[in-house]
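What follows is a single chain, given as structure tokens, in the form predicted on its own.
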Amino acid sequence: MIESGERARVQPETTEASRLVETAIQEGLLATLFGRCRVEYEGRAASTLKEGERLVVLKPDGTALVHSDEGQKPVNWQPPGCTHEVQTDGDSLVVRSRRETPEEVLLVEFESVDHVAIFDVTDDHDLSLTGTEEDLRDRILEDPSILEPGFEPRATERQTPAGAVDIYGVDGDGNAVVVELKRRRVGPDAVSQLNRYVESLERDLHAETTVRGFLVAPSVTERASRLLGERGLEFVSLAPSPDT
């Protein structure tokens, strides 16, 4: 986990660059990449930029920006609410930013990456955030009714094939409850992570067991909120510290 104010910088191999960008996507961090790339845009209109050296910025709210060495405006971009993906293709690094309505895809294929950085950014003019996910967990363990009345925690860091669940418990009706904690505003990737945990436990537990999923964070993006509803998951707005 990259703590607030810390930075990770490398001149990476393709796999290392991919790992860092994936970390940023999963943890709701800001990522910047610079290197030689081509850019394709598919949607209401199609466009292609041939190979050139460019700066790409991926923001936690789903924004994607592609900058050249001229001008203040990006040469291509995606608005907030998009979903970022990263993968390797041989020696290339491929970044995709998908928008669902209207359906659009921004694809950036790096022939080489000279620089990649990920940042845990807190803008104090928008959100004053203190504390850690451990603080968030302790708040719920000390007063489980914060999640919902009748909730009973049973375990922390419960292992599943999809990863470790932050808090596992049962609700007032005896249904299994999976709780995923995030200390800052989150996007669609946090929803997907929670959904993987829920689906994993649904496979592992008794066939008749209902598994509910709760995402706990100070706030979520509009896209994440829609995904929660579509997947039958729930959101509780809670900060690590009661004073924030």
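Just so it is clear, the model here is predicted, and its values are computed rather than measured. From 1 onward, residues are counted along the sequence shown.
Another form exists, predicted together with the DNA; not displayed. Remarks below refer to it.
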*Counting only heavy atoms and a 4.5 Å cut-off, does the DNA in the model of the complex sit next to every one of 16, 84 and 214?*
no
*residue 166: touches the DNA in the model of the complex, heavy atom cutoff 4.5 angstroms*: yes
*Heavy atoms within 4.5 Å of the DNA in the model of the complex: does residue 27 have any?*
no
*Examine residue 162 and determine whether its closest non-hydrogen atom to the DNA in the model of the complex is within 4.5 angstroms.*
yes
*Is residue 200 close enough to the DNA in the model of the complex to count, meaning some heavy atom within 4.5 Å?*
no
*Heavy atom within 4.5 Å of the DNA in the model of the complex - residue from 156, 88, 112, 132*: 132
*asked:* At 4.5 Å between heavy atoms, only one of the stretches 205-213, 192-200, 50-58, 30-38 reaches the DNA in the model of the complex; which one is it?
replied: 192-200
*Taking the DNA in the model of the complex, which residues of 100-116 have any heavy atom within 4.5 Å of it?*
101, 104
